[in-house]
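First, one chain by itself in structure tokens, the form predicted alone.
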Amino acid sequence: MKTRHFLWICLFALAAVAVRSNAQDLITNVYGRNRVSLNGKWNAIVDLYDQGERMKLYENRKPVGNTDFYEYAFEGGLRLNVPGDWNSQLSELNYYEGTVWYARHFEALPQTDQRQFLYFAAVSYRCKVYLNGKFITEHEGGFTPFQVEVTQLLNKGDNFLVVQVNNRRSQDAIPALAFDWWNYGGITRDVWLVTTPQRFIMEYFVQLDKCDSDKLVACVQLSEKRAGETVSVSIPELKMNMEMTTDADGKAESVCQVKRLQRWSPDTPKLYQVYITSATDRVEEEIGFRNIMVKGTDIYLNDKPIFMCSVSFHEEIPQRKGRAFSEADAAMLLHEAKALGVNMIRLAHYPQNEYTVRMAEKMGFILWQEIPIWQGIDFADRGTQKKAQQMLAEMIKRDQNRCAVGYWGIANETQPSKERNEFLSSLLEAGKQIDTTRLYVAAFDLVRFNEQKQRFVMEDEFTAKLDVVAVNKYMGWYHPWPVKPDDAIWEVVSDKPLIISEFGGEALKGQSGNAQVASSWSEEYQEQLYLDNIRMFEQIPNLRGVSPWVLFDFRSPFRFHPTHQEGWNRKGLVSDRGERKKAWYVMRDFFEKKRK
């Protein structure tokens, strides 16, 4: 019955339409497709007063005759790198929140027997896309991909692509008006022109059954509703080939018993070459297989309990004060995490680049991915709820075949209310309609010390709906110690696995000071704070993971101290210049002991 239920969910997911505006359902594994990069230098116009639409910048009109003129031109002016944020490319745009128009020409050769799509890996935060002077799609959400078909819209030869980008914060945005990281704007990830056969494999989901280690489940969706077509999923190394027949909706599914399957784990991150084939299309990629589940207060990976030795980082390269966007950027972030000795990474607080996800999988990291439901969200607004469901769907659909993803995170530091509970419940329902093979988690900052009972407690009825509960608690920084760390008794969701998803404090690299005085901003204070927290962790009976905040110092407009912060959140174990602080070594030793 478990497998049949999973297949039903799988097919429901393949049939579901994401709640986006004009953008279309995502093609699975676009990086494994025939594609042409549209990255590079794009022309740009900064539109401070949002006059571009009125002036029809997207038409890129040229003067004709003696009396014509236009008060704009893309050529001969500002040029910006794509992918990349505009804040780090021009000092005048460092704090800019508003509209920038991007434009470029590209060559195309339309094919009668093929289809073509424009694919944007991410644009921050809102955008409208115009091709050859015509509006073709729009998208909201700065960390998930979208695509639009342009088969009938391309010119033979020269084409003119314009993207209107706006990163202005608003109450109905996700994240909303205030958040503790830099509000980078721009076309921040890859742009591709993707070509497929006329009838192609739109989506596939190949994973182990939720609980069984020898049942492989495959679901495939064709781009057209076409019954009776044979599709197959094969893994040559396992000598496995599943042949399926599509139904009237162009969907097919199958379950196969597999033998001698080596499951993926942090110690042995095994991936298999998988081929998905139809009569007109063939897709290849590497996929790993694992089981992850909760039993009582334990988290099990491949039938064995595991302790999550985790760390978080933002999608930022601190040394250049800019958004991470490339494989090289992913390698820098992930190799520092590897040196720390973690087996999990919380990709905070938004879906990060696909390069990071795929490289993390190959390096053996379990991933916690989340959408930016970070404080200040208008939970009573139905439009905001719909956008959150869209972001969650786009995140899951992009990475549903990445076995490294063990957790889907739906919220961080939200306050209980009827509206909040209904909002988050709708996210859980939307997520589980797409994927039930992962654990669902949220992080809370509601733990308090009950003076009367001398216990740390938390009251939030929504935790009952989650697989794993996570807590952000900054003992020794935002919260003074009410008792000695060794005497800290926790009674927090005692029937579920608990992860301390954030803890720590700030320190300026190279600054020495009193280890007992927080305002020293010293490495010694941060080091002692970590040692104290580790002592407290030993008193938490259902603790199944810890994730210090954060791997690197990161930029934040929240941070005003003129000498110790200078616009940086200094909680990093590694400084903005890439130097390891004393607390880094404390966590490395702790993780080494936990992983033995």
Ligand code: GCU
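A quick note: this is a predicted structure, and the numbers were derived from the prediction, not measured. In case it trips you up, residue 1 is the first one in the sequence shown, and so on.
If you look for the form predicted in complex with this ligand, you will not find it shown, but the lines that follow are about it.
Colleague: Between the options 167, 412, 312, 369, which residue brings a heavy atom to within 4.5 Å of this ligand in the model of the complex?
Modeller: Contact check passes for 412.
Colleague: So which of 42, 58, 530, 554 reaches within 4.5 angstroms of this ligand in the model of the complex, heavy atom to heavy atom?
Modeller: The residue from 42, 58, 530, 554 that makes the contact is 554.
Colleague: Would 474, 502 and 559 all count as contacting this ligand in the model of the complex, using a 4.5 Å heavy atom cut-off?
Modeller: Each of the three qualifies.
Colleague: Want to guess which of 42-50, 65-73, 566-574, 29-37 is within 4.5 Å of this ligand in the model of the complex, heavy atoms only?
Modeller: Comparing against this ligand in the model of the complex, the contact stretch is 566-574.
Colleague: Applying a 4.5 Å heavy atom distance criterion, does residue 251 contact this ligand in the model of the complex?
Modeller: Heavy-atom contact with this ligand at 4.5 Å: absent for residue 251.
Colleague: Is residue 349 close enough to touch this ligand in the model of the complex, meaning at least one heavy atom pair within 4.5 Å?
Modeller: Yes, residue 349 is a contact residue.
Colleague: Is it the case that residue 374, even though its partner is missing from this view, gets within 4.5 Å of this ligand in the model of the complex, heavy atoms only?
Modeller: Yes.
Colleague: Is it the case that residue 275, even though its partner is missing from this view, gets within 4.5 Å of this ligand in the model of the complex, heavy atoms only?
Modeller: Output for residue 275 is no: heavy atoms all beyond 4.5 Å of this ligand.
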